[in-house]
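Just one chain is shown here, as structure tokens, and it is the form predicted alone.
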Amino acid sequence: MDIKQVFRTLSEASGVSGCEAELAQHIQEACPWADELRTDKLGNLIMLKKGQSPGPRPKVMLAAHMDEIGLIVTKIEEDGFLRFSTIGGFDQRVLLAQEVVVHGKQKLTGVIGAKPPHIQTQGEQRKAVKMEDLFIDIGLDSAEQAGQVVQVGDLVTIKRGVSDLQGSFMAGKAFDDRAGVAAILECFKALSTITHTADVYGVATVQEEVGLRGAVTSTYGITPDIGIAIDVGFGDSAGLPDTGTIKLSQGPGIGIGPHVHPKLLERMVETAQEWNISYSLDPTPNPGGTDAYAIQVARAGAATILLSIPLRYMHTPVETLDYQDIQRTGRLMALFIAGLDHEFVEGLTCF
């Protein structure tokens, strides 16, 4: 199974928060290493790889969200143009002139337009176009025509293929956080050749971009002993300080902060050093925006750690990463899991 190609397919597929079923099907087909696969009522895809020890076995949950930010049709104008709003944290500055897919009664290609600069006022030319001044043109010239194929509430996604840059660098949409999903698949693939004690639950979570909802419900159902959230972190790029960013091509950022159990941090770093897997330390004083938070506080709580794949240009259609960082993240998780035993898991309640 070529997981890099799977990652490309996931990026190019559509899956706005709340509508991830197409993605779940792609992921399920790409995970032959799981002993069990199921979806829960919210839509989370849960992949279980059983441990090789007699039960009861420790439970490790790997979580990465598969949903993407997107748009939603809010009004059909009399001249057939579509007004829209955002689902998740889109920066409207990147939306103008994007090609999109409107998910109406059929998939429709459209473009996001606005008043041309030639007829803008001098003040308008110096500012980003406001959301309310943007519209989608699907090539129909009346509300009657548009209403036959589109309705208010239809979702819209950016139409963007993955681009291969130099080396193992890639650029595309929705790498946040289908990169994390790919890392889980890389982990499962590696675990298929390794003996491990724990049951491993790989969860492609839903609706992270609108409130960590999938991680909340799936953690509640699984009740893991250990939770590993895999998301993207701010990759280094021109104009950004070294503090608060993670260098690309040097493996995952290992989280440090209130969301990270100190014994998991110590063991994760030891594993990376023992197996010569490059990594960075990623201090996060005020966590809360990733599935790690939801895992940590579900039910009676779980020992949790966050791994961040460095990503440039987050929440744009040209998110950029080094695929080798996904592979390093998957390998690190697999080796970490292989080193777990009952004694270590039981010791997590003692600081």
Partner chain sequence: MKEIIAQLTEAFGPSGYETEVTDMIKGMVEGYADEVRTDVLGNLIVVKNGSPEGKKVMFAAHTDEIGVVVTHIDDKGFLRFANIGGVGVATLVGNRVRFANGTIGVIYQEKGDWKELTLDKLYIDIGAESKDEALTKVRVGEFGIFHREFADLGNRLIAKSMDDRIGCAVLIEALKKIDKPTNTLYFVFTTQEEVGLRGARTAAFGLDPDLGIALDVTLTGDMPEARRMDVSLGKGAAIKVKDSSLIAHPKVKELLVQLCETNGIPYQMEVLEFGGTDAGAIHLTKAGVPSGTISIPTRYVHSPSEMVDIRDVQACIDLVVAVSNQDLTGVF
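The structure displayed is predicted, hence computed values, not measured ones. Numbering follows the first chain given and starts at 1.
Only in words, not in the display: the form predicted together with the partner chain, which the text now covers.
Residue contact check for residue 213: one or more of its heavy atoms lie within 4.5 Å of the partner chain in the model of the complex. In the model of the complex, residue 86 approaches the partner chain with a heavy atom inside 4.5 Å. The closest heavy atom approach of residue 152 to the partner chain in the model of the complex falls within 4.5 Å. Residue contact check for residue 157: none of its heavy atoms lie within 4.5 Å of the partner chain in the model of the complex.
Stretch-level contact analysis of 227-235, 182-190, 202-210, 104-112 against the partner chain in the model of the complex, using heavy atoms and a 4.5 Å limit, identifies 202-210. A heavy atom within 4.5 Å of the partner chain in the model of the complex is found for exactly one of 99, 77, 164, 91: 77. For the stretch 157-179, the set of residues having any non-hydrogen atom within 4.5 angstroms of the partner chain in the model of the complex is empty.
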